[in-house]
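One chain follows as C-alpha cells, the form predicted on its own.
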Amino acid sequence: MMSSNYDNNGQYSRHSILRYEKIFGDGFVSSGGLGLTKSFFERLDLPQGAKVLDIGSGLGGAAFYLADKVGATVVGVDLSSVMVEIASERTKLNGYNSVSFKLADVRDMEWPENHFDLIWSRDTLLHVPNKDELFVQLQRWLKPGGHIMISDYAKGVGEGSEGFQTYVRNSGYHLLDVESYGDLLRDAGFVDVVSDNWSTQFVEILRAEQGMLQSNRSEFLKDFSEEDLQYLHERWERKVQYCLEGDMQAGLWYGTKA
C-alpha cells in the first residue's frame, strides 16, 4: 500500500484486512489469491535461493509461497502497520527464517545495485503517482538478468465514466492504461517487457470470489457482519461493472534487466 492516504477511511484496519482475506484467501489481500500468484510465477524461472523484494507485501502470502517453492529470501515492504504486524506474526508462527517484513515506503528505501533476482508487486503501485521515477529506482536494484513482475489495476484509454473517475479519486488511485504502463518500464531500462491485459480473467475471478462468499455466507457471518458482507458485494460489483464497460482493466507486466 503505497500512499500517505492509502487507508481510505479504515480500509486497512485489522478488521477490514481480515475481512478482505475472507474473500481473497488465506494470506492474500488481492484477487485470485494463491492460485493466481502461482500462475504468475510460473512465467518466471527463478533460481533456488532467489533474493526477492515484495512491494506491498500485505499478509505475506506470496512471500511465503516463494520461500516454500524456491527457498527464496524475501523482504516484504508495506505502508500498513497492521499488514506488517499480521505478516510478521505469521512469519514467526510458521518458522519462515528467510522472510521478513518492513514498515516502509519503498520510494524512501536504499538497496545496493544488482541485489535482487526478482522485484514483485501485486495491486499496490496503483497508489503511486510517479511510477516512472520508481521504476528507474527498481531497475538499479535488480541483478542483470533479474526480473520485475507487477500486477495492477489499469484504466482504458481515456478518462472513463464519471462514476469510474469518482471511484478512482475516492480510492486514491493513479491509473495508467496497460500499454502506457509498459512503456514506463521500457523507459526505465527494462528489456523484453510484456504488457498483458488479463481483464477477462479478472472479471471471472471477481465473480468466482463473489460466489464463494455467498456460498460461505454463514461461515463469514461468524466473524463479520451483514454490513461487511454487503460492502464486499457492492465493491466487487462495481469493479465488474467498470471492467465490462472498459473503464477499468487488469494488467500484468514483466520485464528483465539487461
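Residues carry their position along the shown sequence, with the first being 1. All figures in this text were calculated on a predicted structure; none of them were measured in a lab.
One more form of this protein, predicted together with a small molecule, exists but is not displayed; see below.
* Asked: Looking in the model of the complex, is the small molecule within 4.5 angstroms of a heavy atom from every one of Met212, Arg238 and Gln241?
  -> No: none of Met212, Arg238 and Gln241 comes within 4.5 Å of the small molecule in the model of the complex.
* Asked: Here the chain is shown alone; which of Val128, Ala72, Ala154, Ile86 has a heavy atom within 4.5 Å of the small molecule in the model of the complex?
  -> So the residue touching the small molecule in the model of the complex, by this definition, is Val128.
* Exactly one of Val99, Val77, Leu118, Val168 has a non-hydrogen atom within 4.5 Å of the small molecule in the model of the complex; which residue is it? -> Contact check passes for Val77.
* To do: Can you check 197-205, 50-58, 225-233, 64-72 and let me know which stretch has heavy atoms within 4.5 Å of the small molecule in the model of the complex?
  => It is 50-58 that comes within 4.5 Å of the partner.
* Using heavy atoms and a 4.5 Å limit, would one call Arg122 a contact residue for the small molecule in the model of the complex? -> Taking the distances in the model of the complex, the answer for Arg122 is yes, it comes within 4.5 Å of the small molecule.
* At the 4.5 Å heavy atom threshold, is Ala104 in contact with the small molecule in the model of the complex? -> Yes, Ala104 is a contact residue.
* Using 4.5 Å between non-hydrogen atoms, is Phe28 touching the small molecule in the model of the complex? -> Heavy-atom contact with the small molecule at 4.5 Å: present for Phe28.
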